[in-house]
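Take a look at this single chain, the form predicted on its own, given in structure tokens.
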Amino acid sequence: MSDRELLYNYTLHLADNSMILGQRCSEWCAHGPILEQDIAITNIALDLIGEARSLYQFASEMRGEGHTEDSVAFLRDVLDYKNALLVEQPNTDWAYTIARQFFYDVYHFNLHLALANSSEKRISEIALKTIKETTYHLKWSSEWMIRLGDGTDISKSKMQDAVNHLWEYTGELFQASDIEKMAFEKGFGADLSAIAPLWHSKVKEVLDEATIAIPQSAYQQKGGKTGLHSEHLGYILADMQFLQRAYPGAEW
């Protein structure tokens, strides 16, 4: 694999996570528990999709041959998406949404701290911009974890259930694919093994304050990074890709 092809595929790893989670967060638009938080999570969705757009633009430039950010984002098959399984999990309820967001935010924040030092200028520039956004995202989701976990009996029970269910999807974040391993060796990717202890430390800190128990199960799901997704991604893509597939080349 050439360095250009490697960089293209690594960029998709980054973009697909943000795109799919952004799509999930956008499902709360006009459905949030209160107006302020409806606006907050919609803004988070916009941040994630904005980051994905910058990365897809970069990927389309490397791909050439008439590819655009839209074709890279919307015209790939489900097996070609490289996002982790965590981000495609359904919203279920507010507690599940917050737990999923928190787990990803801790990873996302530390990932971009590392990518700020990427040898690839475009990756570094996008990471530096994203750090500003993920700092807010992490603060927001951490506060909600604590509010729900250390709240009423019902909110605590719902948050514990969400953490218990989603925990098995967190390990994949640090299970480097071959693409991620090679990208790190080339100097433009992040070392996921160095991010893992930072993630566990922050997660424990917040869960302790939220009085939420850390699940003890060692079993972890995997496969998303290599195209083996849950059934949920197909439904997300059906919504995302409808317009482009129904009206190829359509422009606003």
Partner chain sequence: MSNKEWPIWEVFIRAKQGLNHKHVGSLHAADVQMAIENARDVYTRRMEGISIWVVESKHIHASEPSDQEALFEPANDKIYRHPTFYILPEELNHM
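This structure is a prediction, so every number in the text was calculated from the model and none was measured. Numbering follows the first chain given and starts at 1.
Only in words, not in the display: the form predicted together with the partner chain, which the text now covers.
- Not one of 13, 120 and 123 is positioned with any heavy atom within 4.5 Å of the partner chain in the predicted complex.
- Only one of 172, 143, 161, 150 comes within 4.5 Å of the partner chain in the predicted complex through a heavy atom, and that residue is 143.
- With the partner omitted from this view, the residue of 26, 37, 68, 221 that lies near the partner chain in the predicted complex is 37 [heavy atom within 4.5 Å].
- You can rule out all but one of 37-45, 182-190, 52-60, 211-219: in the predicted complex, only 37-45 has residues with a heavy atom within 4.5 Å of the partner chain.
- Proximity of residue 74 to the partner chain in the predicted complex: non-hydrogen atoms within 4.5 Å are absent; the residue sits far from the partner.
- Contact annotation for 155-169: no residue has a non-hydrogen atom within 4.5 angstroms of the partner chain in the predicted complex.
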